[in-house]
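Presented below, as structure tokens, is a lone chain in the form predicted on its own.
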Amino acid sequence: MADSTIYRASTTAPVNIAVVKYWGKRDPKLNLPTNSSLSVTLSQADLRTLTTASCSASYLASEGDSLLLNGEPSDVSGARTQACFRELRTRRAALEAADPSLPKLSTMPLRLVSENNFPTAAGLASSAAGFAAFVRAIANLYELPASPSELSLIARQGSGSACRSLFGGYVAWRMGSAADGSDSMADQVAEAAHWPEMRALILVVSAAKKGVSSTSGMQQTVATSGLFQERIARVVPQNMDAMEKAIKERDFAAFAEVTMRDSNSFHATCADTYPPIFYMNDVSRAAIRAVEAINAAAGRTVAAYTFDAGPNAVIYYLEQDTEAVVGTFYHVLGDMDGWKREVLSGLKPTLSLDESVAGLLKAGVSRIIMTGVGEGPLKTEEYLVAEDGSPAKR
């Protein structure tokens, strides 16, 4: 009798926000970057992707592999997704060849169901969490004896920054130099517990899909920006060294300066692209002015802004400076969704922002996300695929 078992595995994976940015590919097919990068993994209590991977001989081979993302069918025929499927299946097939008693999971169609608890394609690194969860869930399903760094080689082929979401804490993606990409992988610079006081306040400026995707934006920048060559040759290597030192020494002032300078450098290369790319807008620039005002009022650097390929502001600060940072933004944006009431208790604003800055923020920010440094992917018994192989009712 044919095996009709539904094999399942679930994992959650976190969002990461880079403080030294990845931008540009030296090999688009293998997703190899033109520079190394470094990020902070954010808490899954606030931002996560949950993915269940399942396979069964009872799934119709004619239907092939499938992915249901936030309740909608998602295309898995793209070269990046197929590269991940292929690599994971090859690794499982090797295990099955070495131990014939293992069920032949590598030959069965895969059904994946995935949910984000944050807006997709809005500049919140949804593809990073998505591909990290996708790869980790299948690796768990296939019981692969692979380290997070080894899995990062696979996740990188789906989404470059996904390789960093396979670790918690503070994570570097080493660009590597091998033509086949075998040394372009992520490693952990420091675990979350090394500097647990790190916090992030995210001002969601627009939950709409980006006008210029990261993939096409990168290609334009590499092809046309003169500033970009300076960035990858000198700016990023210096920032990587300075950032690793700042994290190891828990030096927030140094961390903040590198974070803000690197964000500025990245967006300068976007503006230097021909035609120019503008991911930030007037609301983003108002957030920068607000951070500068907060730091000036404190007489030291207590907040650091950074912007990925989108207008959302991510503001890093330490827990001890919550009143100076969060208090100021709450005074302006207190009626927005997303504030954590337990953090706000007793907070007083230490300064009033300039009226034009406050006005732009009030008109342009749609919600708040409060979070902090967190852990990497976590295995879970929460399944999005039911025991009969259908999407679970939730």
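Keep in mind that what you see is a predicted model, and the values were worked out from it rather than measured. The first residue of the shown sequence is 1; numbering continues from there.
What follows is about the form predicted together with a further copy of the same chain, which we do not show.
Asks: Even though a further copy of the same chain is not shown here, does it sit in the predicted bound form so that 234, 276 and 305 each have a heavy atom within 4.5 Å?
Replies: Yes, the whole candidate spot contacts a further copy of the same chain.
Asks: Under a 4.5 Å heavy atom criterion, is residue 285 part of the interface with a further copy of the same chain in the predicted bound form?
Replies: Yes, residue 285 is a contact residue.
Asks: Taking any heavy atom pair closer than or equal to 4.5 Å as contact, tell me whether residue 268 reaches a further copy of the same chain in the predicted bound form.
Replies: It does: once a further copy of the same chain is placed as it appears in the predicted bound form, residue 268 has a heavy atom within 4.5 Å of it.
Asks: Give a yes or no for residue 73: in the predicted bound form, does one of its heavy atoms lie within 4.5 Å of a heavy atom belonging to a further copy of the same chain?
Replies: Contact check for residue 73: no, nothing within 4.5 Å of a further copy of the same chain in the predicted bound form.
Asks: Even though the partner isn't displayed, in the predicted bound form is residue 87 close enough to a further copy of the same chain, meaning a heavy atom within 4.5 Å?
Replies: Judged by the heavy-atom cut-off of 4.5 Å, residue 87 is well away from a further copy of the same chain in the predicted bound form.
Asks: Tell me the stretch among 285-293, 135-143, 149-157, 240-248 that has any heavy atom within 4.5 angstroms of a further copy of the same chain in the predicted bound form.
Replies: Every other range fails; the passing one is 285-293.
Asks: Of 104, 174, 261, 194, which residue is found within 4.5 angstroms of a further copy of the same chain in the predicted bound form when only non-hydrogen atoms are counted?
Replies: Answer to the contact question: 261.
Asks: Going by heavy atom distances of 4.5 angstroms or less, which of 213, 281, 219, 82 would be at the interface with a further copy of the same chain in the predicted bound form?
Replies: Checked against the cut-off, the match is 281.
Asks: Given a 4.5 Å distance limit between heavy atoms, list every residue of 215-234 close to a further copy of the same chain in the predicted bound form, or none if there are none.
Replies: Residues within 4.5 Å: 224, 226, 227, 230, 231, 234.
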